[in-house]
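Here are two versions of the same chain, shown separately as structure tokens and labelled structure 1 and structure 2.
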Structure 1
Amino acid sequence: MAGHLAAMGFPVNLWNRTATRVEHIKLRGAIELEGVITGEGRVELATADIKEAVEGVDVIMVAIPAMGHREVAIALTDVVRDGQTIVLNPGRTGGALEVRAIFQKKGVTADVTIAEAQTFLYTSRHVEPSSVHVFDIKNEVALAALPAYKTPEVLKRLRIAYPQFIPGNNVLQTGLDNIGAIFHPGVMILNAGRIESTHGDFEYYLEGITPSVAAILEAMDKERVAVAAALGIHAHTAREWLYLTYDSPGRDLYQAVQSTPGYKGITAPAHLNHRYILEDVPMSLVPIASIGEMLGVPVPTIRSVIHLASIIHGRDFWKEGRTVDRLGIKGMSVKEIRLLAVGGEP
């Protein structure tokens, strides 16, 4: 994202929590792009100092795994100023709600707009310290602000660089249209033996999602869509999302995945200690299940994947994850949750 924005001519400051991660970019001054985007993006600044990075900027694009959102939100509390927009790329499920809850708890008074994208715009992989391979750019990605009435204002700022961003109804929709919740942890858990024995030497989507795996993913997907429906949200199924995002046809999820050219060449992670579990279980599956259980929606398949992931890693992802308590919506009615998403207050 930093490289592409800079290559398009926008002034970009790049920040990372770890100084060594930006050291090469700082020395080189640029990020090399290959794949469907080629060229070089020269950044204005590469730093591990968040205050330096956000000073004087209008838009703060947070493009990190969602388990880092809490830490970044806390770091931003002392440095944000009036008029800035924070965009989570993506929010996974409940990202904007969690950041809002943290800002409230920390007493942030700056007039800052929080928004989240439904998924990451790019299908890409980090190649070397200062280079990236971009496999594809999605046709469209829904984006919503919290509160929802600020979404047009955020889109006006972003679409000068990213016309792919389209309005989402609200952060409930973007969060529950989180397809990574389906394609990441489930595929990892169901291919655990293969990943450990081959160190990821297979195509993650095209080989990892067999007809049987796809059937389990579709069961998870039905539960996600049902939780959304309980909140009055029409969520796209994973199969519908593939068609809208990549023009991928198919009578079922397996066929749709196999007809997605953007997935060709994407290999599986080499180990299970990966964000597809460490991020997507606590930050995607846990909030979906937690909201579902609060609203009386059965989520047995999603619960099973959370449980299996916790066994594999020897951790309680339910306790670590975005439960309704951490999202600041515990005990709220559907009406109150929707009022919060649309108007900013229940």
Structure 2
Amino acid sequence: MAGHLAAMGFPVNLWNRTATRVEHIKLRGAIELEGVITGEGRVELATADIKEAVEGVDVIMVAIPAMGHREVAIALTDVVRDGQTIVLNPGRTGGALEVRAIFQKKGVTADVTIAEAQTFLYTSRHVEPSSVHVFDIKNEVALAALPAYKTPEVLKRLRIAYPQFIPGNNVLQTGLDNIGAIFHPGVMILNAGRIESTHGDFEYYLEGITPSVAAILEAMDKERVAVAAALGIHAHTAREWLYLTYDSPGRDLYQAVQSTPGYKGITAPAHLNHRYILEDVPMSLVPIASIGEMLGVPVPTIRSVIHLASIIHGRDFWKEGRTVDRLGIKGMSVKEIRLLAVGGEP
């Protein structure tokens, strides 16, 4: 993202909390791009000092796994200034709400707008410390500001660089239309033995999502859609999403997955120590389940997957995850949550 923005001619400061991660780019002064974008992006600055990085910038693009949002938000509390926009790429479930809750707790007074994208714009991988291979850029990604009435003004600012961003209704919608929550942890758990025993030597979607695995994903998905409905939000089912995104038809989720040619050749992760669990359980499933339980929506299947993932990793993902408490909406009514999402105050 930094390389591409710089290559497009925008002034970019690149920050990473770990100095060694930016060292090469600092020395070289640029990020090399290959794949669907070629060229190089000369960054203005590459630094591990967040104060230096955000000073005087309009937009702060946060492009890290969601587990890091909290740490970045805390690091930003003292350095953000009036008029800046923070965009989580993506927020997973509740990213913007979590950042808002931290800012409020820390007493941040700067007039900052927080927004979250529904997914990451790029499919890309590091090649070397200062070069990247971009496989694909999505045509459309929904984005919502918190409060939602600021979405148009954030989009106006961002679309100079990224016409791909389209308005998402609000951060509840971008957070609950989280398909990774369905396609990642459940598949990992129900193929745990095979992933560990073969080091992921099978087709993740086409062999990993069998009829029974799909039945469990559909049960998780129903719970997710029911949690959204309890907030008055219409979330698409995973089956509908496959049709809308890839034109994949199917009477059930199994058929829809099997009729997605783009999934061919995508093998499974080599181990369970992977963001499909480490990120998607605490940052996607936990907030969905926690909101559901607060609103009286049963989420036994999602609960089961969170629990088994916790056992596998010897950690309590519920405790580490984005519960309603951490999202700053504990004890709120549906009305208060909706008003918060749209207006910024419950």
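Structure 1 provides the reference sequence; residues are numbered from 1 along it. No experiment lies behind these values; they were computed from the predicted model shown. In this text, the rigid core denotes the largest set of C-alpha atoms whose superposition between the two forms falls within 1.5 Å.
Two forms of the same chain are shown on their own. Structure 1 is the form predicted on its own. After superposing the rigid core, the Cα of T237 is displaced by 2 Å or more between the two structures. Put the two forms on the same core and the Cα of P261 is off by 2 Å or more between the two structures. Core-superposed comparison between the two structures: the Cα of F165 travels less than 2 Å. Taking the core as the reference frame, the CA atom of D247 shifts 5.5 angstrom between the two structures.
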